[in-house]
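First, one chain by itself: the form predicted on its own, in structure tokens.
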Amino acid sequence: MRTTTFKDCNILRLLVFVILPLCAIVYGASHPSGYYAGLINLAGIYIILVASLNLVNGFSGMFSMGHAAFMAIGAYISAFFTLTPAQKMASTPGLPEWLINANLPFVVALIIGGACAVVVALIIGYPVLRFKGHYLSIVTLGLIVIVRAVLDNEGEYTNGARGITGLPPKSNTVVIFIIMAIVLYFLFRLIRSQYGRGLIAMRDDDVAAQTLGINLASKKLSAFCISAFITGMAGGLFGHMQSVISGKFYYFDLSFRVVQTSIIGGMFSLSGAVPGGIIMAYLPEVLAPLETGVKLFGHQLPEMYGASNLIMAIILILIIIFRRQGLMGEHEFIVESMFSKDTYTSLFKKEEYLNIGRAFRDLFTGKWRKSKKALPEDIDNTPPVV
């Protein structure tokens, strides 16, 4: 008899991966200026960022460190199309007249910001991605420095190091999570397509993939550009959520944070973006009181500046040592649950409720502790369907 696990229960998948997130979205939408709503929005943006990074670092076999640069490009370009002409005349008077007078819908501005990030990705990716090794990571680190220097020194166009303030707060919970769902669904279908299988083949063995007729340069460049487009849109969401953008927000620390999130969640699956994004949004806030001193069992602890960063670094090291594939590994049951018809129709199937009972029965009878070697009575003798 085959052991039933909770992963086989579509009703539990519906509860954990659909209903609970919807409750969080409803809470964030009903408290748009609340503290926890801001953390919910930040988690959604992190999920978008990590999913786009996993396409390059996890499924393509490359290693990019330049997400902060593409976020900055998307944030500034989208801001140019959403600010009022009066705001642009005050902060960025050097812009062309047509751009000063331009005012587009928020989603259109995000798409334009992502498209501009793609142009930059093409410029740096076309000569670099023809080589093997970690050339891309070095170039993207240099790109962050270049973008930061341009943003801080071109005062007529970017208001210099002072940044741009007063961005319209159009990046609300509903918009963020609708875009997150679209991005996850698009990447999920992309990875399961022939194109995605080509990316995985290139990641596992580029020589064998090339002998099968896969153009490595075009595959790498296309995946890099798709990732840059999604990252540019996430940068626009991030900037409009904060209502202020500056070059100092998009530097090495942000790129390292996104890479750290990807490693914690698991860069070889899109589902890894979900727990990784949630952990990276909430855990630093939970650890923040350690830096100002807290009471523990009646004793006042001293101020420990940098303790949250130290603990996050220790968590990353432990994951690299004991679970190198991240929390999710290569499993996709979170994203599969979100976009599977069986998840939503499980409420109307009697068998699904029986599965929950079997899962609890097998859990409490201890079958899950058995070794991988199947016992004779546990072997499923049902003949295969031809």
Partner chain sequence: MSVLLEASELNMHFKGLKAVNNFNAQIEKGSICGLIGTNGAGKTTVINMLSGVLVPTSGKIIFDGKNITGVRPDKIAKMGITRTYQNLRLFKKMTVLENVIIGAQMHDKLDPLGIVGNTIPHKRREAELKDKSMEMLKVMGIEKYADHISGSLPYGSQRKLEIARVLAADPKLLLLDEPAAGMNPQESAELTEIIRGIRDRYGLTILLIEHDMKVVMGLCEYIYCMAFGEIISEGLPEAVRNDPKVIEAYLGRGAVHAEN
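Model, not experiment: these values are computed from the prediction. Positions refer to the first chain, counted from 1.
Below, we turn to the form predicted in complex with the partner chain, even though it does not appear here.
You can rule out all but one of 227-235, 114-122, 99-107, 205-213: in the predicted bound form, only 205-213 has residues with a heavy atom within 4.5 Å of the partner chain.
Residue contact with the partner chain in the predicted bound form: T165 places no heavy atom within 4.5 Å of it. Not displayed here, the partner chain is approached by A201 to within 4.5 Å at the level of heavy atoms in the predicted bound form.
Though the partner is left out of this view, E330 does reach within 4.5 Å of the partner chain in the predicted bound form, counting heavy atoms only. The closest non-hydrogen atom of K248 lies beyond 4.5 Å of the partner chain in the predicted bound form.
Put simply, of Y282, F252, Y135, Y195 only one has a heavy atom within 4.5 Å of the partner chain in the predicted bound form, and it is Y195. Think of it this way: in the predicted bound form, the partner chain has a heavy atom of just one of L190, I278, L184, M241 within 4.5 Å, and the residue is L190.
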